[in-house]
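Here are two versions of the same chain, shown separately as structure tokens and labelled structure 1 and structure 2.
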Structure 1
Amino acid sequence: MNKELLLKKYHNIFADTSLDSGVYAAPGRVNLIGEHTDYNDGFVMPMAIEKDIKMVIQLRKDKKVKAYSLDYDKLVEFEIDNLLYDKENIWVNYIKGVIDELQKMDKKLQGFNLIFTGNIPQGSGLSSSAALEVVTALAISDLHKIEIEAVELALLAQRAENNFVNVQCGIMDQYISRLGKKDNALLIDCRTNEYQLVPFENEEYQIVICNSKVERGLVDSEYNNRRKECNQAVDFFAEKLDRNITALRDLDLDTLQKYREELSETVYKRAHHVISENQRVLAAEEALEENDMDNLGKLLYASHESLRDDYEVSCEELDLLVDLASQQKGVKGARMTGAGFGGCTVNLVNKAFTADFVEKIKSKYYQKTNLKADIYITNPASGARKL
């Protein structure tokens, strides 16, 4: 939805308060490479996508907030000084969480009216929740003339999800939604929170995201198991080696191989994925710096194989999408992206073959699964901004 239409819808619902107002946007994201490395102090490389959440907001003269979701067709009202978790309207908790974190910083807020809409598919692993947090934080801070640096705003949005929504997410989603830049991916060091933009502007290739339409049912329990198995590897090496080991980030493949016989097969495989995936992220950054799409594609395939075989978080449908992609003309690489057990794949596709790729993947995937894959074509997009 464009800015003008959203403003029109805003004025259909809310009366003009004659106070400051603005229109803001924040994008979703896809992780190019670096899966399950974040909670192991590793590296990730997401990019912002050309799908976002747009918000119109205007200050009020009281302490009331009126928030309207166009997508849910729902208006929720609450007082800024009385923020309670809403079990019925889950989406409003991301907004409340941001308000809560701003107030914890002793920022004095007044009420406001807002309306928002998004075209980031929910439940697809493309971070619609982080986009809502980031656009809310940007909008409120801008209208209240609160100066917050981009990194601090991303961290505030993350705290909103951790503390109010009670989802213990890492920093990647909020970082890329705030710090993303057109024609760039973002390399993030999850140990230090340092980041750097990585150029990704190629005349021939672009990213195509395939949504398997499989709900990610096992994620929570299996995620906890994977964390536990990674920690078992860390504990083993912390005791075994005469140096400080606090995360799998601190290990290399040679060391892992040396002690393979002393680890359970499962713990070995989990550690092997994380350590090798960190190497692939850094190699992918180098490939993008050199505009080497051949090598980038190989790294995507290798990442998927590791997620499938070592980390065991793929599923039949994701494996099928990667396999189908590998058979299409103009495809350099493909892998599952996100937590796993459903969600999306990310594909590096020659622009000349993109239309054919979309048609064939949809058709062949449906034939084999009876599921209609959604496919999104995107280039690296801009981060959160005022429109």
Structure 2
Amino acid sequence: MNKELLLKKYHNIFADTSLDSGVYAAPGRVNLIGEHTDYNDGFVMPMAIEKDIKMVIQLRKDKKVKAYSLDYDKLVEFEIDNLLYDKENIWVNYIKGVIDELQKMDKKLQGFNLIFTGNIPQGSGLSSSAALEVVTALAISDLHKIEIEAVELALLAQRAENNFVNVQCGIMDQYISRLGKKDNALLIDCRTNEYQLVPFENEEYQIVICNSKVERGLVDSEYNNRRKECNQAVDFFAEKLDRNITALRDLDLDTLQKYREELSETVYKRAHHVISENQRVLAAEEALEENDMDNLGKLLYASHESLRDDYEVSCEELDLLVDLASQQKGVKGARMTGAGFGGCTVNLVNKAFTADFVEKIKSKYYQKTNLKADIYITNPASGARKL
């Protein structure tokens, strides 16, 4: 939806308060490589996608918030100093979480009206929730003239999700939604929260996302289990080794191998994924710099295998999509993307074969699963901004 139409919808619902107002957008993301590494102080390489959430917002004179979701056609009202978790309207908790975090920073907020809409498919691993948190944080802080540096804003949005929504996610999604750059992936070091731009403007190859349409059912509980297993490995090595180990980032495969017998099979496998995935991210960055699509593609396949076998967060449908992709002409690599247990795959496809790829994947996937995959072609997009 464009800005003008969204403004029109806003004015259909809310009267003008004659106070400051603005229109803001924040994108979803696809992670090219580096899965389940962010909360291990590791490396990730996502890009923002050409799908986003747009929000119109206007200050009010009182302490009320009136939030309207166009996609759910639902208005929710609450007082800014009485934030309770809403079991019925899950989406509003992302907004409340951001308000809560701003208030924890002692920022004085006044009430506001807002309306928002998005085209990032929900529950599909393309980070619609991070986009909602980020667009809300940008909109509220901008209207209140609160200056928050970009990485700080991403961290605030992450805390909103950790504390109010109660999902223990890492920093990747909010980071890329805030800091994404057109025509670039970002290599993010999740220990220092610094990033490096990785240009992705290949004339021959493009990123194609396949949505399995499998809802990510187990994701929250299994996600937290994986985090615990990673911490078990860290605790083990922190005690064993004579150097400072605070995250899986501090380990290499040789050391892991050396102690394999002393670790449970599960903990070994989880650590093996994370340590090897960090190496793959750095290798993928080099491959992209050198325009080496063969190598990049191989790294994507290897990442998928590791997520499937070592980290065990894939599912039949995602494996099938990767398998089908590998049989198509012009495909260099494919893997599941995001937390797993459903959602999407990311594919590196030669532009000359993309139309054929889309058609074949859709029909073959349907034949085997009775599910209609959605397929999106996207260039790297810009991060959150005022429109």
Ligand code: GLA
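Keep in mind the model is a prediction, meaning the values are calculated, not measured. Reference numbering: structure 1, starting with residue 1. Think of the rigid core as the biggest set of C-alphas that the two forms share within 1.5 Å after superposition.
Query raised in the report: Which depiction, structure 1 or structure 2, is to be taken as the form predicted on its own?
Result: The chain shown as structure 1 is the form predicted on its own.
Query - Exceeds or equals 2 Å, Cα of residue 243 between structure 1 and structure 2, core fit - result: The answer is yes; the displacement is at least 2 Å.
Query raised in the report: After the core is overlaid between structure 1 and structure 2, has the C-alpha of residue 74 moved by 2 angstroms or more?
Result: Superposed on the core, residue 74 moves its C-alpha less than 2 Å between structure 1 and structure 2.
Query raised in the report: Core-aligned, does residue 347 move its Cα 2 Å or more between structure 1 and structure 2?
Result: False for residue 347: its C-alpha shift is below 2 Å.
Query raised in the report: Where the rigid core has been superposed, how far does the Cα of residue 228 end up moving between structure 1 and structure 2, given in Å?
Result: Once the two forms are fitted on their core, the shift reads 4.2 Å.
Query - Core-aligned CA shift between structure 1 and structure 2 for residue 39 (Å) - result: A shift of 2.8 Å.
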